[in-house]
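Read the single chain below, which is given as structure tokens and is the form predicted alone.
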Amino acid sequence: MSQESLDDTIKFRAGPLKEAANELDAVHLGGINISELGREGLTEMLRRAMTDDDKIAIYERYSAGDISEDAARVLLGEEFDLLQEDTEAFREATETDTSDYLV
């Protein structure tokens, strides 16, 4: 499971994005939190880029212990809890004794 620091930095050439963010920070009353905007924007773009197959693969990698719950939650958002509930319901259904229904 990945145990990378929460202080890791993602760097990219921002060019006009940085200029635009700095301009908004300068004119917006109280300024803006550019880092928070970056985190939220990246999170949203990651989720948008994912297909249903990607989501299943991410949940399987989480279940296998290959990625952290935090990373899985970032990628899956609310669907993380829904997938957990579905997985648990399926597990319970497969463990239910159905011998009483046999004729």
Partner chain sequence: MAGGDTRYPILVDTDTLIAVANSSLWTQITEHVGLTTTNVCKQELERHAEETRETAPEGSRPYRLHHGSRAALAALADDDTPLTQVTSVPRPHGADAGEESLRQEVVQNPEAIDYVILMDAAGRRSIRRAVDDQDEDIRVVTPPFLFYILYDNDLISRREFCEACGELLEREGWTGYKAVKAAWEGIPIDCSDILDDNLLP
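Please read all numbers here as calculations on a predicted model, not as lab measurements. In this text, rigid core is short for the largest set of C-alphas that superpose within 1.5 Å between two forms. Numbering follows the first chain given and starts at 1.
Same protein, other form: the form predicted together with the partner chain, not shown, and the subject of what follows.
Check: Looking at 33, 63, 43, 68, which is the one with a non-hydrogen atom within 4.5 Å of the partner chain in the predicted bound form?
Finding: Checking each option against the partner chain in the predicted bound form, the one that comes within 4.5 Å is 63.
Next item on the list: Verify the contact flag for residue 9: yes if a non-hydrogen atom of it lies within 4.5 Å of a non-hydrogen atom of the partner chain in the predicted bound form, no if not.
Entry: Close contact is absent here: in the predicted bound form, residue 9 is far from the partner chain, nothing within 4.5 Å, heavy atoms only.
Item checked: Contact of residue 23 with the partner chain in the predicted bound form (heavy atom, 4.5 Å) -> Heavy-atom contact with the partner chain at 4.5 Å: absent for residue 23.
Notebook entry, point to check: Taking heavy atoms and a 4.5 Å cut-off, does residue 56 contact the partner chain in the predicted bound form?
Noted result: Yes, contact at 4.5 Å.
Check: Should residue 76 be classed as touching the partner chain in the predicted bound form when contacts are defined as heavy atoms within 4.5 Å?
Finding: Result yes; residue 76 sits at the interface with the partner chain in the predicted bound form.
Next item on the list: For the heavy atom contacts within 4.5 Å of the partner chain in the predicted bound form, list the residues of 80 to 103 involved, in sequence order.
Entry: The stretch 80 to 103, when checked against the partner chain in the predicted bound form, contributes 81, 82, 83, 85, 86, 87, 89, 90, 91, 92, 93, 94, 96, 98, 99, 101, 102, 103 at the 4.5 Å heavy-atom cut-off.
Next item on the list: Return yes or no for residue 84: a CA shift of at least 2 Å between the shown form and the other one, with the rigid core superposed?
Entry: Superposed on the core, residue 84 moves its C-alpha 2 Å or more between the shown form and the other one.
Item checked: Rigid core superposition, residue 95 Cα moves 2 angstroms or more between the shown form and the other one -> It does shift by 2 Å or more.
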